[in-house]
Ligand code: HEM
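This document opens with one chain alone, in structure tokens, the form predicted alone.
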């Protein structure tokens, strides 16, 4: 027996999922409990899980018991079928083993200086004395970080072209209706999909050039992620093919750019109205800059910045759910899920479970001083063997960017702005890009 469905008519499930997923999920949970069933066109029936013990069981599934790649099938037109997010079984395990070393914790220090310099450059360009949407500069910042640390491109004509092409491509696919096959029709430059395909073809050419340079003599001594990936070999001694590399680079771009920018935007949404917390963050940033410039090492060790980052990811997750398509029957929470059924732990509902997080609607970064959530209780990056390989990278980047902002800027939410959420493709962002007012900016110091 499958879990009960909410009383809202089935045709409205997709509408509510697309428009206001977190409010919809909360309503369903209040009505029918921690396990409920939805029906979504193209995905069929889905069991949403809010119970932490149920999430633990889902994340404990073996690779041949629950397939995450099949659950992410909606992303195939954008990422390609060789993307880590779309693969299952041995192909997924092979790609993950080849890619994980580039994101190992000890590698983070080598990316810190680049992240701080990029943050400083973008902060210099933020308009002073007028309202602007924070999400825009933060998107530019995280895109620049990806191009520098992952692609190994920091300046020059190719850097500028990639910035423009990737930015335009991501704006097209951020339109939620682009997730539906009826919108994915190539009608040339008159159609969004036609423009996206043309941009993607040019990006493919530029990525091929980057791969060839990384494989050539000029790749020796490089420390970017692409340089590591072209050198990686599986157990049989085989590298990733050029096509596999290109699709994984696009995956890293999409997964590491839009999501991190959105998480940073949400962090500002919760922090800026709290004057006391803003002042604490300014003092913390000052303590992390003993010589005037921020120290990446000190920022990484900051308990307050870590708490703010975690609480931002908890309070409003960037994506609503993670999924597994069952490859064997599963008994979960007293219900029977058949083969082929999609089970989806709800990040938002787990993060607002009052048994785990007292006063769940409160933004409270100090809660992590005494509370260390288990792996299935804090899941912004998914869990189990499919947990995002870039989790440490994203949290490190968020802490460095937040430290940079509060070290140099005095920001406030735009007067009269009432924050709400809206969907951008698979991510959930603040409405209007979070309008903010920059009242003052300290001069830049070169990071150490």
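Positions refer to the first chain, counted from 1. Everything quoted here is computed from the prediction, not taken from an experiment.
This protein has a second form, the form predicted in complex with protoporphyrin IX containing FE (HEM), left out of what is shown; the following refers to that one.
Engineer: For a quick test of understanding: in the predicted bound form, does each of 266, 434 and 439 have a heavy atom within 4.5 Å of protoporphyrin IX containing FE (HEM)?
Structural biologist: Contact check failed for every one of 266, 434 and 439.
Engineer: Test of understanding: in the predicted bound form, would residue 103 fall inside 4.5 Å of protoporphyrin IX containing FE (HEM) by heavy atoms?
Structural biologist: It does: once protoporphyrin IX containing FE (HEM) is placed as it appears in the predicted bound form, residue 103 has a heavy atom within 4.5 Å of it.
Engineer: Can you work out whether residue 54 and protoporphyrin IX containing FE (HEM) are in contact in the predicted bound form, taking contact to mean some heavy atom pair no more than 4.5 Å apart?
Structural biologist: Contact with protoporphyrin IX containing FE (HEM), no.
Engineer: Indicate whether residue 413 is a 4.5 Å heavy atom neighbour of protoporphyrin IX containing FE (HEM) in the predicted bound form.
Structural biologist: Looking in the predicted bound form, residue contacts with protoporphyrin IX containing FE (HEM) do not include residue 413, since no heavy atom lies within 4.5 Å.
Engineer: Is it the case that residue 347, even though its partner is missing from this view, gets within 4.5 Å of protoporphyrin IX containing FE (HEM) in the predicted bound form, heavy atoms only?
Structural biologist: Answer yes; at least one heavy atom of residue 347 falls within 4.5 Å of protoporphyrin IX containing FE (HEM) in the predicted bound form.
Engineer: Heavy atoms within 4.5 Å of protoporphyrin IX containing FE (HEM) in the predicted bound form: which stretch among 231-239, 194-202, 118-126, 316-324?
Structural biologist: Partner-contacting stretch among the options: 316-324.
Engineer: So protoporphyrin IX containing FE (HEM) isn't shown here. In the predicted bound form, which residue out of 422, 387, 39, 27 has a non-hydrogen atom within 4.5 Å of it?
Structural biologist: Checking each option against protoporphyrin IX containing FE (HEM) in the predicted bound form, the one that comes within 4.5 Å is 387.
Engineer: Between the options 92, 282, 310, 298, which residue brings a heavy atom to within 4.5 Å of protoporphyrin IX containing FE (HEM) in the predicted bound form?
Structural biologist: Residue within 4.5 Å of the partner: 92.
Engineer: Along 360-382, which positions have a non-hydrogen atom within 4.5 Å of protoporphyrin IX containing FE (HEM) in the predicted bound form?
Structural biologist: Counting only heavy atoms within 4.5 Å of protoporphyrin IX containing FE (HEM) in the predicted bound form, the contacting residues of 360-382 are 380, 381, 382.
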